[in-house]
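First structure 1, then structure 2: two forms of the same chain, each alone, as structure tokens.
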Structure 1
Amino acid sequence: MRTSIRVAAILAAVALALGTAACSSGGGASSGPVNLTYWTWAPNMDKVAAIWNKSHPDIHVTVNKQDGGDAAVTKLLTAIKAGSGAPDVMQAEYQKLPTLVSANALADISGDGGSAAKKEFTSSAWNAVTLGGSALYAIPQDTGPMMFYYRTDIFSKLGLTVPKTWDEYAADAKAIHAADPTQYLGTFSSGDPGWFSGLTQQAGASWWSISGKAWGVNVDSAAAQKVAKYWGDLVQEGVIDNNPMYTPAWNAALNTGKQVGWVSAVWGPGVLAGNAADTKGKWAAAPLPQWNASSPSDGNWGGSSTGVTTQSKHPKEATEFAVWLNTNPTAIKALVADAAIYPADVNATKIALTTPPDFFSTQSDFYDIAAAASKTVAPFTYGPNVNVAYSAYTDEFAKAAQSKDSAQFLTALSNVQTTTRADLVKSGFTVK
């Protein structure tokens, strides 16, 4: 969930890539038994595929478990370049789709029945798999709407209310740290660019844009600057921590109560259960604090889709499986029970998410909060060099966080903008 993209192919214009990919699909349905291969890193997907195989004897899906992140993308692009060895179906994170499309690795499945699934997803999820156009490169599988987790016992002890706005979050952070200088409401994580980009997404930012054949780079937009300054101010005041998440120290702080809250995503319960098992029953989930409480908005941290590769000889059957996997009620129940994911299908809450995660077993409205957040996720466009932007973020914001100088957070954002745009130009893309 905290991964980046490695650009493996450079094209002069995205429009050319989109057109090429669009021509790779659309073959007629095959006669006789069809065998499909599915690459995925999600756990127990073979159990989900077994349900399909039982009900579709003429289309058999074999699951090949893969590593996620860059490793999965690199392996697929190597097979595409070699002209053989690619699967029919591929799990792909949303931020990796522009790279895969630019490399002609994913087929346009809009003509193979994929477009009929549009009504099952939010506009932001559908935008992610269409890249803002009419071509369809994947079916949304899971999403990561952001949420806020907090220690109810500590909030109650200090007489604090759950923050509904970012101003209230800052006030709570100050109160918590003043009461106990060893405690923090959260941390600024320079090691998690997906976390930060999700927060800027909530504020209305989109780091890339597409206009005709030209890319735009908008990393340091006014919306993103607002978010960077906000966290920079909190770090400078010393009322939140300034060290990355997912370190041994951060894991321990969750368990000991030194980290009183966590700005995370819907998949957070699994992390808390694994790192802070002793605190079960002391946490609650809430909507992400808002910039404007009267106009709720949210961002995504994580999420993936199911695409059909351009090497598949059975694109119609592969598309049929991808749609079934992510919209069929039986499949959705299996995705939740066996693969432990938060499905992108808007009906998932009614179909499968009827009881809260075990770590939040007493909070019956957990998935209602998540569903409400998912519906307000703001649109966001990823570019073909997310890996460059995310790497620059990690480098630049690590220095800014350690400096504890709010001004350096804005400088870091500007440097990420410069690095990202320069890389696109150097790589031969048309850039606005």
Structure 2
Amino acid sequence: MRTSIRVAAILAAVALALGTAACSSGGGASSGPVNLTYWTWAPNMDKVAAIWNKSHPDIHVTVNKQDGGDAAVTKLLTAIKAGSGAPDVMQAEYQKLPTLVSANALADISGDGGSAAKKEFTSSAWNAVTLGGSALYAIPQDTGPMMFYYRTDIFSKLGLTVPKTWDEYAADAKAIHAADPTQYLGTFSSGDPGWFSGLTQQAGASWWSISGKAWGVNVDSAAAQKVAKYWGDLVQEGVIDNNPMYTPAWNAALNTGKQVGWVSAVWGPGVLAGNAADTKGKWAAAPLPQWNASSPSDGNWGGSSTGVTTQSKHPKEATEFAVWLNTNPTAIKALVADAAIYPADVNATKIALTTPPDFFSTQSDFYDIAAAASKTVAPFTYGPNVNVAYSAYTDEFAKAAQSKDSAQFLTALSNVQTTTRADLVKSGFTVK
């Protein structure tokens, strides 16, 4: 068994090396059209690129489908280290940008015509791609404002109202679990650090900060402690499930009604349509419950941008494509229709998001809720070692969730803080 795995791994590595070498070889500067390669994991992106290729005969974009955000970043960093093999254009999640910039993988495109796109985006989205400085490392593509999904039939059967605050959410969770001990309003997922950081973002936390020439690490802030304790208490009480999301068991629970609600983001309908097809028509979307109902706030779970790599020989053309892809009305319509994403462009609601997603076809205000949520997203700074913090989260909060002890949730948060800070210090970053 060992040998076969090793052989397979070597074959895969060789295939990968050959594959990436092959795609980067295009792009001769002299004559003919400029060839750009584009790494993305969003579905049907080749259809969107085809629209570009039709209208821009002198710049040809080839889409290279990736497995996902983490895999693409690993591949890109390897290519950067190797000195060749990186694409021209690259989809990158917001939380990966500081890591990629720190590895000198993404080019500053502020001089290549990228900055003109600023007016199309919210300040929080723009802040994420500039890292708060004067350089521009990517064009925002999609955002993931968090939302709350729930089963209307079960809520009305139990006479519950949609929770507007987290206190009401806790009360509903208790009522649902009391009525049927196999049912939960949600789960605390140790497998989804982006979910938890989004929830702390809503409460006012920002895990990193930049002051002058120094990083600050504030994972263990009062706001984040409030969120950790809140979920820890619910898990300790047993009214919320403690198993991770995105497992076959969780998928089945959504479909059979054992999971009655889902604290998620604007892209939730796609997941629900795939995992809980039998429950179509029984779900509704609502704004995320609030800590303070009078001043609504929100967090992001997911979202990505389009960057140009430092290995691109045509940064100007690549930037032109990245701007077109994320701000051109035709492109945005295609992004929504084909790639099923929620564009970061502030005009997208008008241009393309006129009908609700298929799984929520009866809820005509779906994108109004999303747009309202998007406007209240709190500022959040990602650091250069998000990967370390996130992997520490999965380890520490797995232990905490398993223990079903609220105090352990606070210990976990403090351990993530320690690990994240120690990693920055060890690498030599100036840390406050």
Partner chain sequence: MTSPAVATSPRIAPSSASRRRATRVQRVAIPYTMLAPAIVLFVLFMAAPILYTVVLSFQTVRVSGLGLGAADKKLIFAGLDNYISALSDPQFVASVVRVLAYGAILIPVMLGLALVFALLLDSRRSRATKFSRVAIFLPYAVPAVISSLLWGFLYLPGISPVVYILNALHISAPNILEPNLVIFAIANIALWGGVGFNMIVIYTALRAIPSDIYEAARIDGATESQIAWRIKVPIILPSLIMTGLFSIIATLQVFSEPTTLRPLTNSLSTSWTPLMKVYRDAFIRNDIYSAAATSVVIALGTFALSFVFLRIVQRRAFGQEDS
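If you're wondering where the values come from, they're calculated on a predicted model, not measured in any experiment. Throughout, residue numbering runs from 1 along the sequence of structure 1. C-alpha atoms forming the largest set that superposes within 1.5 Å between two forms make up the rigid core.
- Only structure 1 is derived from the form predicted on its own.
- Rigid-part assignment between structure 1 and structure 2: residue 242 and residue 358 end up in one part.
- Of the two rigid parts, the smaller turns 9 degrees against the larger between structure 1 and structure 2, judged by C-alpha superposition.
- Overlaying the rigid core between structure 1 and structure 2 leaves the Cα of residue 313 displaced by 3.2 angstrom.
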